[in-house]
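The chain below stands alone, shown as structure tokens; this is the form predicted alone.
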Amino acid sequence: MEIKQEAAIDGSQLKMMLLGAYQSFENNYEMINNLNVFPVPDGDTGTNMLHTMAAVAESVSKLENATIGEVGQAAAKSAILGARGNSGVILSQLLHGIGKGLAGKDAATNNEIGKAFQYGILYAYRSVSRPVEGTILTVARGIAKGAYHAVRGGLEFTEVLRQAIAAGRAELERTPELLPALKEAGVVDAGGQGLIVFFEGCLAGLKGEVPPVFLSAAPSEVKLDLTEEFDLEYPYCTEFVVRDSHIEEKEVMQALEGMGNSLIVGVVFDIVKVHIHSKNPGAILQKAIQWGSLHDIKIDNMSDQHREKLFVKQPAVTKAGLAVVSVAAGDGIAKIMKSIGAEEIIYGGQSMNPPVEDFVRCIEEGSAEQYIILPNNKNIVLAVQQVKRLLGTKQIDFIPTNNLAQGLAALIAFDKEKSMVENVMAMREQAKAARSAACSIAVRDSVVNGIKVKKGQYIGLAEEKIVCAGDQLLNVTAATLAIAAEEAELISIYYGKDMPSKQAEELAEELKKINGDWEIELFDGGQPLYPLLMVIE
């Protein structure tokens, strides 16, 4: 049943819109993931947008009797800190703009909230330094135009949203004509589809309806119970992540059932995320440590008015000097980065983009006065830009490293005795000159650059571009290096967590036989998803 629209939209209605958007992503995130053109295992556009909206939903669901300005501000702040990946950052900037447009208002007229959503689209568009047509930004512009004409027509906000969505859908259908890669793959832009999912969810939430499912939806890896009351019997909100795990979601659920309530379990590849309200967090952590290595442990006493952490806070550290924060995809790579100058490591990479909040917390708790950040993945660069905006240019700068090769090259050029400006100049120069290659496993059938790829095949990438595919890792690696390592003096190969060291050593020896000019060094990278990451010098 449609909610009767009054002359103004209030805080509770905006809250329902945002919760509807979260549910819409929960219903459709896997469909968005599957729209990613490339068959490499980084099809996480939908997952990143879902995680970003999960942070928003968790924040606004706690608000009671809040004004529309307060809801907008809470949504903007939580989205900015919870943003993951480029798509999540763009979505967070959309919410940032909406929050700006509603700031200080108790309620908003149709005209005011329509303008606030247009403001949000503008922020999203400006968040990308080099806009490309045929992407989420094309769809955003279409939505903005649709909303503009509907607002000028004096329509109710439900109709403003309908017309904005219709205009956005028309632009979404055009994206394959604007980007040849989309047309070749026979899909529309994933980020643009995500934006439609967001606005469809807002419309459904405003009307009190369940958001639509566009295609068959997979079970969500993130679920929030937004209505549960605090239970004094289980006062400790316990959250943690287990890495390098091989346990199934069902096994985790069975192991923790009966130890508390509000149990939420998400398993993605070798990462397990758990949320549970319990009597005895220690017993839960003792059980979990058997599954892998524990990370991001957070225990809150929910009966405490201020929800202070149970852990004893460390004395304040006097900050001094310059340091590097580097993103690493595996333990082996992390150790190498630490050994050549990285002060802090944040784990992340393909399909596991760290949120903005992880960087902010790392820097705020660190001992250095200034930090240079190395994202080492093209889908983390926008998040790092957001960190710089949040913490300021005097404290933070970054090198836009898109891969491991660029990250290592930048690290080698780092000299903590020099100023941040001097280091950034030198590190950017070194990163630009670095060459990279990789081998991964295709997660879907696809055609890229005229190369037919079948799900499960090995694929070779040179500078993030797919150059070959095949059933044998050795053949694909050799073909990739033949393209990427022309006139190379040294090839450093980092093998992944699922490859035994003996297999990696045999592969390296076979490559040397194929081309006697290749000097190869082998390292245990420990990264997931990519059997081989290669740095070419």
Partner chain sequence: MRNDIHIVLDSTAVMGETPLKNDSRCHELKLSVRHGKTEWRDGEKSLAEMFAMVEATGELPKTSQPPLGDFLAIFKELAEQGKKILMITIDGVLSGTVQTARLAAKQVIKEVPGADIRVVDSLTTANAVSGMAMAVLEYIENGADMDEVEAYANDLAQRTETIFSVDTLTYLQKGGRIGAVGALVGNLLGIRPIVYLDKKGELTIADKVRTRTKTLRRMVELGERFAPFEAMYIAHAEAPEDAETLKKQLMEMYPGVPILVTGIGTVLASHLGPKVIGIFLRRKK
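For clarity, every value in this text was computed on a predicted model and none was experimentally measured. Numbering follows the first chain given and starts at 1.
There is also a form predicted in complex with its partner chain; it is not shown, and the following applies to it.
- Among the residues A413, A107, L178, V241, the one placing a heavy atom within 4.5 Å of its partner chain in the predicted complex is A413.
- For the options A288, L172, I336, L203, the one in contact with its partner chain in the predicted complex, meaning a heavy atom within 4.5 Å, is I336.
- E521 belongs to the set of residues with a heavy atom inside 4.5 Å of its partner chain in the predicted complex.
- For the chain shown alone, S492 is a contact residue for its partner chain in the predicted complex, at least one non-hydrogen atom being within 4.5 angstroms.
- The closest non-hydrogen atom of A320 lies beyond 4.5 Å of its partner chain in the predicted complex.
- Although the partner is absent from this view, A283 stays clear of its partner chain in the predicted complex, with no non-hydrogen atom inside 4.5 angstroms.
- With its partner chain left out of view, the stretch that reaches within 4.5 Å of it through heavy atoms in the predicted complex is, among 392-400, 192-200, 338-346, 81-89, 338-346.
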